[in-house]
Structures are given as C-alpha cells and as structure tokens.
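This document starts with one chain, in the form predicted on its own, laid out as structure tokens.
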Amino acid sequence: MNLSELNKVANAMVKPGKGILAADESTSTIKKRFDAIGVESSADARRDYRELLFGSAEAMKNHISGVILYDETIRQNAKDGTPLVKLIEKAGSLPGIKVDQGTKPLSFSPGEVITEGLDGLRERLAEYRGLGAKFAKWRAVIDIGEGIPSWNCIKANMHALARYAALCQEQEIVPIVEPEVLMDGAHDADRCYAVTEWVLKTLYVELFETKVALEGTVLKPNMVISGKKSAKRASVEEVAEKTVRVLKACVPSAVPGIAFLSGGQSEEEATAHLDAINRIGGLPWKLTFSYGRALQAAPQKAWLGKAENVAAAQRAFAHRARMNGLASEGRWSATLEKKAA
C-alpha cells in the first residue's frame, strides 16, 4: 500500500471549495428519476445525461473534485467515443466507483438491512483501477425506529465497511466509508445524535482492527438531523452544532476529510446546513459535500431528455455546484441562491 499516494488522492477529493458528485445511481434508481421527468431510461439516455454533467466545464473544473460512478457508467463512452472517465479527468476531477451491491434484509433483525458485495470485491477493485477509478464508495444503511437500530445491525454493517476499506487500500484505491443513519423516521435530532455517535464509534474501532490507514480514507456521514416525520424540527444552527459535536467526539484527526451525504434533504437545505457546519471552524478535517439528488434535481428538471435543453441543464448544475462549493468554505448565503442559475 502506497499511503502517501492514497493520502494525496484523499486530500484532492476534499480540496477547499470543491466536493464530490454522486452520480452512482443504480439502473433502477435512475429509472425512477427519469420517470419523474418523463424520460425513458435507455443506456443512451443515461449516457447522454451523464455526459451533460461531466461535460459541464464551469461546474466540473471549479467545484467538483471527484465523481462516483456506477458500473455501467465507468465503462461508457461519450457520443464522440471518448470514455466518460476521460471526460472527468479532462475537467481535473477524479473518477470513483460505487462497489457495494445494495442492501438485503439482515437475518433475525426485522426492519434492518446489511450491505452486500464483499464476495469477489478484490478482483472487481483491480478491474476498476484498470478502468481509471481512484477511489470507491460503499454505503451502509442504519435505520432509526421502534427498537432499532440493533447492535447486530451496527456491528455487521461497520465490519463490512472496514473489510471493504481494507480491500480498497490493498488495491491502491481510496475508500469512501459511508455509514448513513437515515432521516426517514419520526425521531428528533437528539436521537439521531445518539445513533450517529454509536455508529461512528463502532466504525472507527472496526477500521482500526482491520488495519485500515485513516490517512487514506474519506468519511461520508449523515448530518445530525431530525427525521422527516418528526414534529420537532432542528434549526440549521442546531444541525450544525450537533453534527460538529458528534464528529469531534468520534472521528480521528488523521482522517483527511469528511464529505457529507444529503440524505433526502432539499437542495437548499443541504447547502445551508453544510455552510453552517463550516462556519463553526477550527476543525482538523476538511468538510465538504458528496451529494447526489441535491446536485442533480435542478439539472434533471431543466434537461427533460431534450438536446436543446443541455445548456440550461448545465447552467443549473453549475449553480448548484457553486452554491455547495461556497458552503464548503462557509461562504454561502441565501441571497446568492436567489440569483438565477
């Protein structure tokens, strides 16, 4: 393992003013997104849409440090035959790859899931490295509800994340470790804090025991936020304060950076929270974004599958990328949002 090279890539992924575009939607997930805008989800349509994003020079060069790809996308070529990976590299961004194979019900743990994909992962990582991947992503999913999460679910998922991370580093690929505590329930921010703390503390024990070098990793956590169905909504300031507090309590300073997931927040909400977190300052890690829908919803609505809308969609993407780039340095404001994309 070349730790200095892994550390260099990890630092580039969380470069000030830039963040990570999560464009790793599975075929079934992107079909739902396309259904919502009336576009048929063919391989060509998916290619055209991703090419639109990766070819958006303003967004990619100025605000996107890396792109998480799906297995289909890392193998696709643009219309002119250029591999999409090369489009990303040309913009000065790093190509990455989602390597988990989704969740399945966790045995004897009703309402909980385990992420699969460890079998054959070493060989897949070697192939992805050959295709240009510099980093990878694995998502563990922890739900909050009546009697859950259980220790069984947290332990199993954090152990799988650590095994994945070790395999990545063995193959000279930086692992993004993503332990997502979902915001789907009726819990308040204090409950989210308690579960997030439990999850992160377990994760870092597992990473230590699996001999993962933290200097060559990036953490992709949830923010400490109220559940969607909660009557008690945490303010932007409360989300920022609790998120920073839990990170300080759990995440070693050896980690180069933290790239938050948006986890179902609205576009502006995800940006406002990131900005407030960064305004607290004085932290050992760089804090940025690794957003999917919070970066893509606006360009999808502008595009609608039509070639004549590509420029408008790229402007919408550039606007969202710029807003989040500013938030990653604590320089965003609501007045900037009101300017047209």
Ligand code: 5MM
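Counting begins at 1, following the sequence as shown. None of the values given here were measured: they were computed from a predicted structure.
Quick note: we don't show the form predicted in complex with the ligand, though the next part is all about it.
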property: Option touching the ligand, based on a heavy atom within 4.5 Å in the predicted complex, out of 247, 192, 207, 261; result: 261
property: Contact residue in the predicted complex, from 242, 139, 124, 159 (heavy atom within 4.5 Å of the ligand); result: 139
property: Segment assignment from 79 to 87, 233 to 241, 197 to 205, 131 to 139: heavy atom within 4.5 Å of the ligand in the predicted complex; result: 131 to 139
property: 4.5 Å heavy atom contact, residue 13 to the ligand in the predicted complex; result: no
property: Residue 293: touches the ligand in the predicted complex, heavy atom cutoff 4.5 angstroms; result: yes
property: Any non-hydrogen atom of residue 178 within 4.5 angstroms of the ligand in the predicted complex; result: yes
property: Close approach of residue 26 to the ligand in the predicted complex, 4.5 Å, heavy atom; result: yes
property: 22, 98 and 220 each touching the ligand in the predicted complex (heavy atom, 4.5 Å); result: yes
